[in-house]
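Form predicted alone, single chain, as structure tokens, below.
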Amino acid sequence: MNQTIDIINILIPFLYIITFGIYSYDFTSGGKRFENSKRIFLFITLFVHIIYLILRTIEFDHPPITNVFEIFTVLAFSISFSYFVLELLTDIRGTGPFIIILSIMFQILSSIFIEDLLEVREVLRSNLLGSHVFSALLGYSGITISAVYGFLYLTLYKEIKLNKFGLIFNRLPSLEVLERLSFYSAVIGFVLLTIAIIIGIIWLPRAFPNFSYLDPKLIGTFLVWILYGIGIISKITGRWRGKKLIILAIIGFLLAIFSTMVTNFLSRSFHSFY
């Protein structure tokens, strides 16, 4: 099985690159030649990727979360999977290149540097922890996609203000659609992050009886969760919309990045397993 895992590990980046190429061709050409087939290619890529993650979990007897490069491959899957769900919900297929490129970067790094780890800390063999981390990464992927659509919104907004009507204006959806995509992505991220928090609340006391709620990662996660919760409620109630909501999504994304950096590089946390 180990050889099969290695082969799939090499194959996955090429599948993402092919899928990205098809989405990019459709975006730049403005045609609808691959309108349906590009979604099929994305589905095949995700299917192969999830098989890889399952095989790796079975072969090494732990969820693929034991080092940064295992997390990178899960993150690559999470980003494209979140986009795939969003595309199914909205049937808007023209923004794929801006999302899939992120999966390519994470997966290439993972495929090059990932290792076969047989000896890991016992806490990392917990399937409940695996579910917690996987849900959290899916949640942060939704937040990332929301921020990407936010940046596209601001880019198109600037193009319109400057009366520039080039490729970006012709190919991107309208401002209203980009705002809706950013909002839907934020909702997906918020729901999955909520699931990750609930699983964490169940798992933490079992794994770390003396853990502290003042842990930097916990504080950062709750701040991001509260920020997006405020934004979603404000959007639903009609109090916030447009550029204000987009800026909030981008701030939430930057806060999530800052929280991750603090946890992994600047402070000690029980979330730092490796």
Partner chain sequence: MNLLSISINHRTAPVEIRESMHLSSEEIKQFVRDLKGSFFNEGVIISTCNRTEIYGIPVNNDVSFSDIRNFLIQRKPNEKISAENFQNFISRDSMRQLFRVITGIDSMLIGDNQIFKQVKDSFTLAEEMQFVGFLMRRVFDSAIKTGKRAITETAISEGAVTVSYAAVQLIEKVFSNLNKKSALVIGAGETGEIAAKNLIDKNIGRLNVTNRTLERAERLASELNARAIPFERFKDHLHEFDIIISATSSEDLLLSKKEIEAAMKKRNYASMVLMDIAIPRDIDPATKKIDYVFYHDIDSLNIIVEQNLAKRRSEIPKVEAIIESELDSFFNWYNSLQVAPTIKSLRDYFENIRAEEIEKNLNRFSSEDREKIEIITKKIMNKILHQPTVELKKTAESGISPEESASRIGIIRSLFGIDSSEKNNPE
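Positions refer to the first chain, counted from 1. Definition used throughout: the rigid core is the maximal C-alpha set that superposes within 1.5 Å between two forms. Since the structure is predicted, the reported quantities are computational estimates derived from the model, not experimental observations.
Separately, the form predicted in complex with the partner chain exists; it is not shown, and the next lines address it.
Per the 4.5 Å heavy atom criterion, the partner chain in the predicted bound form is contacted by stretch 238-246, the sole one of 221-229, 64-72, 238-246, 46-54.
In terms of contact with the partner chain in the predicted bound form, the residue from L175, M105, V85, L128 that brings a heavy atom within 4.5 Å is L175. Contact annotation for L156: at least one heavy atom lies within 4.5 Å of the partner chain in the predicted bound form. Under a 4.5 angstroms non-hydrogen atom cutoff, the partner chain in the predicted bound form lacks R93 among its neighbouring residues.
In the predicted bound form, at least one heavy atom of F165 sits within 4.5 Å of a heavy atom of the partner chain. I160 belongs to the set of residues with a heavy atom inside 4.5 Å of the partner chain in the predicted bound form.
Taking the partner chain as it sits in the predicted bound form, the stretch 66-86 never comes within 4.5 angstroms of it through any non-hydrogen atom. In the core-superposed comparison between the shown form and the other one, the C-alpha atom of I247 has shifted by at least 2 angstroms.
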